[in-house]
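Single chain ahead, written as structure tokens, the form predicted alone.
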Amino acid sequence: MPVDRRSLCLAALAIVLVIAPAAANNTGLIFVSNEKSNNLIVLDPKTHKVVKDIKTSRRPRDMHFSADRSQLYVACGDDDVIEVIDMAKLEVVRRIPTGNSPETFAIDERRRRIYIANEESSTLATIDIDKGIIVHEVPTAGEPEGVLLSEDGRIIYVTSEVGNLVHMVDTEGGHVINDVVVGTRPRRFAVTPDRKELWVTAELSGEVYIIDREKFVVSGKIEFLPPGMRKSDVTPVGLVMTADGKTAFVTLGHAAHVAVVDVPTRRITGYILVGKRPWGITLTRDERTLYVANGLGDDVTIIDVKSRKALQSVPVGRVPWGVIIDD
């Protein structure tokens, strides 16, 4: 039977189109942003050895994947850009200008927008992803950091470190519609899976504040004090929750621990000793392992969730800020 070369070519092309996207995501690779060495260190999920050192603009901090995980966005604070990394190539392929000192951000791919906190200019900027330009800026209180997009994309929550506030911003109108006062130097967010509560770390008051999202008022707070630590050592920053909403893990900064919190009762059930000044934290999709970026230890601590024990610490770059996993 004669071979139809055109059919073979089309078949080969179809195979490539099916396989190529899968090869660019769900790799399990672990990405760590390092503020002082200006790079992302990529770790193998099985061996935890460095597989790639990606050079970036100065002071890379917050990171987020695109919806299809083909790209990784990184905010680089000292060069006022968001860099886009191609996940298949593991290299920077684009730079998007931002305002002064971008730190954390959220992506709305349906509206093709990035919402980013610009620390030095005290604004929340809206960036058009496709055009790569700022289309709107919302003034905030001093030093905005944490940014969280609501499920429907209509609201952005923003923390102000200097104002001790959480802002509620209308994304359509482009203005602050409400504020709530929290503890000293609020940093980052987590939302309970039932979407009813917003948890906010307050770094200098050593607490997590809990906000009722419907009423937009503080409904409770949690204070931390690991054994042998002074209250002034406790500086919570990062937090993450399990998918069932039962457990939260909070990094305690200079107290060198991760707190384990029972979410329904808001009770602390344990502390895990990690490295120096843990901030960034992430949980694997199967929720068996935690990765914690230790900013003053230049390493990442790997924690077994079931036993609540640190398994090992892996050297990365200088002053690791955040950690994210392609899983």
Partner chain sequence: MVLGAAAIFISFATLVRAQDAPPPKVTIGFVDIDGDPRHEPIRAYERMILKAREHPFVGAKVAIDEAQALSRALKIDFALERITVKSADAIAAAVMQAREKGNIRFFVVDAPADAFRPLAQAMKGRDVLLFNATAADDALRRELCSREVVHTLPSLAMTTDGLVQHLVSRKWRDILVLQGPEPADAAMTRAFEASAKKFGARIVGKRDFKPGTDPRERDQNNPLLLTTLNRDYDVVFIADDAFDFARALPYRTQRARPVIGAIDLEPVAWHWTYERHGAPQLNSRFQRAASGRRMESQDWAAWIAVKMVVQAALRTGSADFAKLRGFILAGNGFDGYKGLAVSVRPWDQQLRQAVFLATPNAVIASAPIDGFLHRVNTLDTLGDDEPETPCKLNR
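Residue numbers count along the first chain shown, from 1. What you are looking at is a predicted structure, and each value in this text was computed from that prediction instead of being measured.
Keep in mind that the form predicted together with the partner chain is missing from the display, and what follows is about it.
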Heavy atom within 4.5 Å of the partner chain in the predicted bound form, from candidates 79, 120, 137, 86, belongs to 120
Checked 104, 98, 164, 126 for heavy atoms within 4.5 Å of the partner chain in the predicted bound form; positive is 164
Any non-hydrogen atom of residue 181 within 4.5 angstroms of the partner chain in the predicted bound form: yes
Mark residue 29 yes when one of its heavy atoms lies within 4.5 Å of a heavy atom of the partner chain in the predicted bound form, and no otherwise. no
query = Is there a non-hydrogen atom of residue 111 within 4.5 angstroms of a non-hydrogen atom of the partner chain in the predicted bound form?
reply = no
field: Non-hydrogen atom contact residue 210 with the partner chain in the predicted bound form at 4.5 angstroms
entry: no
Note: the partner chain not shown here; in the predicted bound form, the stretch from 239-247, 173-181, 189-197, 67-75 having heavy atoms within 4.5 Å of it is 173-181
Restricting to 30-62, the residues within 4.5 Å of the partner chain in the predicted bound form through any heavy atom are 36, 59
